[in-house]
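The data below hold one chain only, encoded as structure tokens and taken in the form predicted on its own.
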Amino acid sequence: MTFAQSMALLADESMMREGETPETLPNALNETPNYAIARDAFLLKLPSGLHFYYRQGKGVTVSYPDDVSHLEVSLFLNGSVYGAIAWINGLVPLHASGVAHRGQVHAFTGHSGAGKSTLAAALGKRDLPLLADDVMVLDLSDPDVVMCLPGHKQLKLWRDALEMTGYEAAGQVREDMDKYYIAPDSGFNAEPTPLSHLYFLEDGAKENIAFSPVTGAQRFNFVRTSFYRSQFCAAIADSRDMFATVARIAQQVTITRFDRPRRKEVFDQGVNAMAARITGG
């Protein structure tokens, strides 16, 4: 399968229609009160009554009560459901945002709230187009390259991140969240592009901005923790295959810690340092 075919597969498998969704998932390999996953199917049941059912080759079926908004439907379709579809179809989603420069992707990962989307948005004001926000899907079908497939064309930012980056909100993510969609100023990288660097965002620095290489066994651990919804992969993947996937990414991608203060008054210094790192400026 070519990278273009992988993109088309993701788009086709993510197509959604309204209909009846099952209460349980036969042959589930992992089941919790909120989700169940099998090798070819995924069921997500949220407390709001919003339910998604994905069957490989059949796309996504959604059901929800009248008081659930289309914003909530879109949020979960493009998040957990999208991640499950990627895993089931042999792709590798990372919990990462990334930008493209000269045919390479520089991706940012870290704990929730580490500033992945905010950094990618700020770099969009420095001529670095977005490749993906929050969920970055990798295609490993070519043994010589770790390929990133283009993701969603918008970023999601909390209100304080809007203020720091200078963007105007394009729409609210969900009615009960002070979080908003924005379109990056430098546009969107729409072609599959190799992953060159993976940066782990940290905020322990008091004053100084620091880049430090990740070496040895830490590389393996850092890659494993960057997986998006790793519990889905753990349920359906052979442990040896999962180990080989992590090891390959750790070997083929440059991995770096990026530690910077998160204070608003020094935010631009950190963004400029990352922009210079990416562009060689």
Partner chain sequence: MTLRKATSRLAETEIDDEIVLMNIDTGHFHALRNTGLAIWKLIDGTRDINALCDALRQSYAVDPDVCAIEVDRFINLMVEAGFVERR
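Residue numbers count along the first chain shown, from 1. All of these numbers come straight from a predicted model, not from anything done at the bench.
Form predicted in complex with its partner chain: not shown, discussed below.
Of Asn34, Gln251, Gln56, Ser48, which one comes within 4.5 Å of its partner chain in the predicted complex, counting heavy atoms only?
Checking each option against its partner chain in the predicted complex, the one that comes within 4.5 Å is Gln251.
So which stretch, 229-237, 24-32, 210-218, 39-47, is the one near its partner chain in the predicted complex (non-hydrogen atoms, 4.5 Å)?
Answer to the contact question: 210-218.
Do heavy atoms from each of Lys156, Trp158 and Met177 fall within 4.5 Å of its partner chain in the predicted complex?
So, no: the whole triplet misses its partner chain.
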